[in-house]
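Take a look at this single chain in structure tokens; it is the form predicted alone.
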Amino acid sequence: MEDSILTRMGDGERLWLSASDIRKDIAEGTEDAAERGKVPVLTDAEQGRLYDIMAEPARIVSVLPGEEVIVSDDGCSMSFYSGQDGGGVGVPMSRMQAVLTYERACGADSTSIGHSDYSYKPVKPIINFETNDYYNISMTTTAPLFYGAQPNMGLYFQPDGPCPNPSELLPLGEIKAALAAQEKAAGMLRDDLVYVGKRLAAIGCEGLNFDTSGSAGDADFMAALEAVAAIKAAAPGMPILMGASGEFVIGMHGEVAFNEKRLAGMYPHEQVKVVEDAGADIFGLAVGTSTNRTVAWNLARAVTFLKQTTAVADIPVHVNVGMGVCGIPMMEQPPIDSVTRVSKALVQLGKADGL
């Protein structure tokens, strides 16, 4: 086993691979990203450095002192009190206790709270309770406290919401009806995001997180962008982190735009520019992990997309390193060996501003 390297697949399975196989996967991964996003491949030197990170014998790896980056989160404190099916450990704690533990015991750079469903639609009817909780918790914390949730336009479609479901209309050939349903849902989503955002801003919210924007396609992404613009116009001092849901915006509608820029098919280096135009302060890059390819292959793709994004970005880029994103295996509790290698590569090679 002297020439083999212990690594993982995208689903978390551990396996031993030869050095040549690791190098091959890195080359294929960067070529795949470059072809899809029409961006440069990683140089030979960068591919070699990525191989070195993957081949480090230690279980946990890290950057050198002085190379550390800020860590933001999308509800990490929930892991203390949520169930195992949500990546949590089920400790009987309140939200405030969980946030304070995360801040003071774990030394978090920033903290956050959010509705347990982690979508903005169910927040609107209970906004008085959420603003009260946010205010009380913010009075006890020192690190920046974000309020976060997903736009999640899917909740506005039947049977959960009032709008006809495009996934039912499209197979029937009802194209115009499907497009109209998405446009109606996008308008409702935008209005709810703005309503919640303004209410939070009014009680001194230290930061708002639009997590996984575009999960229901380009109309979802458009609604989030429009909401960011409206909230920043009303509360310019409240930072907004807008995170993507994948390496390209899915064209479920195909024709919607923001500032005359068509959103469908945008890759991260294009997404970050419209997020900037909307007025967001941080962009959350996301690249999906393929479960049947290795971490090396997935990570090479993520670094390739990230490198181009940070090169053109005028705002900080915080890379999503959650479950099944940017090279992290698709597991509820991702293994530390993969998490640290992914984090190190994204910072050193992709020049991420944060994670």
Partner chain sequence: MHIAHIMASCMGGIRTAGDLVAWMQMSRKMKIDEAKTYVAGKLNIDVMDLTNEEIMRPLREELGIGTVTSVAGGPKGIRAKMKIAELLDINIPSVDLFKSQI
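As the structure is a computational prediction, the values presented were derived from the model and not from experiment. Residue numbers count along the first chain shown, from 1.
The same protein has a further form, the form predicted in complex with the partner chain, not shown here; the description that follows concerns it.
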item: Non-hydrogen atom within 4.5 Å of the partner chain in the predicted complex for each of Thr140, Asp314 and Ile336; value: yes
item: Stretch in contact, per heavy atom within 4.5 angstroms of the partner chain in the predicted complex, of 217 to 225, 157 to 165, 99 to 107, 113 to 121; value: 99 to 107
item: Position in contact with the partner chain when the complex is considered in the predicted complex, options Pro144, Gly187, Gly246, Gly254, heavy atoms within 4.5 Å; value: Pro144
item: Residue (of Asp133, Asp191, Glu183, Glu206) lying close to the partner chain in the predicted complex, criterion heavy atoms within 4.5 Å; value: Glu206
item: Non-hydrogen atom contact Asp281 with the partner chain in the predicted complex at 4.5 angstroms; value: yes
item: The partner chain contact in the predicted complex: Leu349, any heavy atom under 4.5 Å; value: no
item: Close approach of Gly37 to the partner chain in the predicted complex, 4.5 Å, heavy atom; value: no
item: Heavy atom of Val321 within 4.5 Å of the partner chain in the predicted complex; value: yes
item: Residues of 44 to 77 having any heavy atom within 4.5 Å of the partner chain in the predicted complex, listed in sequence order; value: Val61, Ser62, Val63, Pro65, Gly66, Glu67, Glu68, Val69, Ile70, Val71, Cys76
